[in-house]
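Next comes just one chain, in structure tokens: the form predicted on its own.
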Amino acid sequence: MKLTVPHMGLLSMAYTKVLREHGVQMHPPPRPTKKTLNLGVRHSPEYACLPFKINLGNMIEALEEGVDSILMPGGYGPCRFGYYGVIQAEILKGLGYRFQMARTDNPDSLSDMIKTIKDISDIETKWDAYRVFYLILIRMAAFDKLEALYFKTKPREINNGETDRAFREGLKIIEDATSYTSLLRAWLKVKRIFRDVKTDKRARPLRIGILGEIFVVIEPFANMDVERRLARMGVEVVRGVWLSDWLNDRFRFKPFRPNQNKMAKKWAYPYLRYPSGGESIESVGKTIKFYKEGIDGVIHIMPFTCMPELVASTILHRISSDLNYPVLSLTFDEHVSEANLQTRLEAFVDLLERRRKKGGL
């Protein structure tokens, strides 16, 4: 079995080397490009959202490279994500591809995830499967912490490009750590590398919260690298949605980390009393949280036609008006241009800088 999983931020780096050590022929697809998106758009229903199209394009590229098995999460609920795997499998079969589609039909079930890992690997015992799965989760958390460290350091760096080099080195160090002890040593080494980056201790950059649908938030190709665009403009990005937190809310591998979804429900009240699917409750709740924490503004990003985030976007306009708090909504699909995105980001940053000079009014 030659297995692939569509890209989603740094997720593939968290599991690829670990699963290869347990007999899985992992073959991640190429990083998403315009070619990937064009393939997905060509073969997707018109109403499908951007993540669906990018995933499908990734699958086609991997199948063209000789992959014979695809792993795709599934599930149920108001978000259409739960049906991706089923529909994508039918599209690919209609195109003439021959493959197996493995799905984790209940991504909230730990036993379902463990069964999937055992089925695709040479792991024999349930205990070993748990150990491997939790190692993957811890690696994902390490990659998230690395990105957070990058976002905090980049706008304060003195020598241009030094933070980017530290980030690339950190990625390699964490990726090569395939045991719990080596991962701990790797993280300590990463922290030392970032401590060596020369920063302006007196710098007080703008801080912008990034919220929205999780795939578009954490996959740079899907959002045209909006976070690093802001970082290069001297802005500290404060991401409100992390894959490791999403996984921890379900599997509690970081037991002392509060459940982000439950906390968001408290923060969102009374603007949104019940979740409307996807990350809608976190988009609303964490916008209010960011406001109370003094974050200068929020950028809410979502794929076109995403119903849960459309609900959140409508509420965020009201929050922005009630609290006099800047919120920029960005919708992404295959028609968005880089020039338009860059212009809107620059205008938003300029607005926040002028507000700061006027004392936040």
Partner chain sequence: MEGYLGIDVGSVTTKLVLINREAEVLWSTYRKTQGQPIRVLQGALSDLYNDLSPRVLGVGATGSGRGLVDHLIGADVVKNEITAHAVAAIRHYPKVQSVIEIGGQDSKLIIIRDGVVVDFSMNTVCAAGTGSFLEHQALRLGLRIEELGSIALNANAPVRIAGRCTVFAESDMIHKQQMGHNLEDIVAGLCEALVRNYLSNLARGKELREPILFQGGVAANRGIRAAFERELGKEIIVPRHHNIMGAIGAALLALETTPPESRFRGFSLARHRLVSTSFYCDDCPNTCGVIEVSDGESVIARWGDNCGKWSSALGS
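Positions refer to the first chain, counted from 1. Note that the coordinates shown come from a computational prediction; the quantities given were computed from them, not determined experimentally.
Unshown form predicted in complex with its partner chain; subsequent notes refer to it.
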{"query": "K34, R344 and R354 each touching its partner chain in the predicted complex (heavy atom, 4.5 Å)", "finding": "yes"}
{"query": "L328, heavy atom within 4.5 angstroms of its partner chain in the predicted complex", "finding": "yes"}
{"query": "Its partner chain contact in the predicted complex: Q25, any heavy atom under 4.5 Å", "finding": "no"}
{"query": "Touches its partner chain in the predicted complex: E21 (any heavy atom, 4.5 Å)", "finding": "no"}
{"query": "Distance check, F348 to its partner chain in the predicted complex, heavy atom within 4.5 Å", "finding": "yes"}
{"query": "Candidate stretches 290 to 298, 34 to 42, 65 to 73, 47 to 55, one within 4.5 Å of its partner chain in the predicted complex by heavy atom", "finding": "34 to 42"}
{"query": "Stretch 315 to 340: residues contacting its partner chain in the predicted complex, 4.5 Å heavy atom cut-off", "finding": "H317, L328, N340"}
